Ligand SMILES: NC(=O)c1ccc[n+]([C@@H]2O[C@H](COP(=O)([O-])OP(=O)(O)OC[C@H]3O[C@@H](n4cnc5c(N)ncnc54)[C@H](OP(=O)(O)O)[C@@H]3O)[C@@H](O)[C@H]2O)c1
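Next up: just one chain, as structure tokens, the form predicted alone.
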Amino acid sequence: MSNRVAVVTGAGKGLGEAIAREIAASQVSVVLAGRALEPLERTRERIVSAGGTAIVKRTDVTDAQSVAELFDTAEAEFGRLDVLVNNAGVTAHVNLDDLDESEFDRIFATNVRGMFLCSREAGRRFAAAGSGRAINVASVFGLLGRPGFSAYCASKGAVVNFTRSVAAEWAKFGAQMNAVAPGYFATDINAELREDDAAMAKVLRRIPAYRMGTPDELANIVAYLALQAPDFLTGQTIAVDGGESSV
């Protein structure tokens, strides 16, 4: 039996839920974090019904006190921390001329500040333990430019370079940080897009695999980085995008 413990942010739905369930399937106790309790509870119920262990902690990753309470809860409940998955994220499709400061700040608050706050709390614990792994969910939009997504692209580009920098710091005490850059995955967030044949055709033309990914395909990679990858693998961003970023 594994006694490892993971914190997964944004775990209530979509890719976050898939990641949390995949990690829990390896007998890792999972702390499910997010703003909305109802979807987190649904994820917890699915994990428990499959024989796993999970608890829910309502968390605002943009708030330092809320984040500190998340990690204190993980330690109080399970006595340790081994894995952090920074999955919480937001986006918006707004051209630069129409992008106001509040929307820009909202995107960076979750995608960058939230990642920073969670990583800082985890890193302090990893340093004390001499081990630990963090996986940041970036995006193919952090590797490519897309019109109408300047703030989101910039925030996810920040995730990629944050990962490189922190990995170099953490290597000194035996912890690793990597990132994944998902392309288009079939989740609730793009259900409307998938029902629009013309819009879908436009998206698929950019993807050599000519399909969207399934959440389990990303969850599998995240779980590998969290639980199985060699310690020598750190500071990397793995694009999981059907080849979109390679053309």
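Please read all numbers here as calculations on a predicted model, not as lab measurements. Numbers follow the displayed sequence, beginning with 1.
Form predicted together with the ligand: not shown, discussed below.
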Q: Go through 202 to 210, 48 to 56, 24 to 32, 188 to 196 and give me the stretch that gets within 4.5 Å of the ligand in the model of the complex, heavy atoms only.
A: 188 to 196
**Q.** the ligand in the model of the complex: contacted by all of Ala20, Val166 and Tyr224, heavy atom 4.5 Å
**A.** no
Q) With the partner left out of view, is Glu69 within 4.5 angstroms of the ligand in the model of the complex by any non-hydrogen atom? A) no
(Q) Is Phe149 part of the interface with the ligand in the model of the complex - any heavy atom within 4.5 Å? (A) no
Q) Would Asp216 count as a contact of the ligand in the model of the complex, using a 4.5 angstroms cut-off between non-hydrogen atoms? A) no
Q. Can you check whether Gly132 is within 4.5 Å of the ligand in the model of the complex, heavy atom basis?
A. no
Q | Contact residue in the model of the complex, chosen from Leu117, Ala175, Leu81, Val137 - any heavy atom within 4.5 Å of the ligand | A | Val137
(Q) Residue by residue through 102 to 126, which ones have a non-hydrogen atom no more than 4.5 angstroms from the ligand in the model of the complex? (A) Thr110
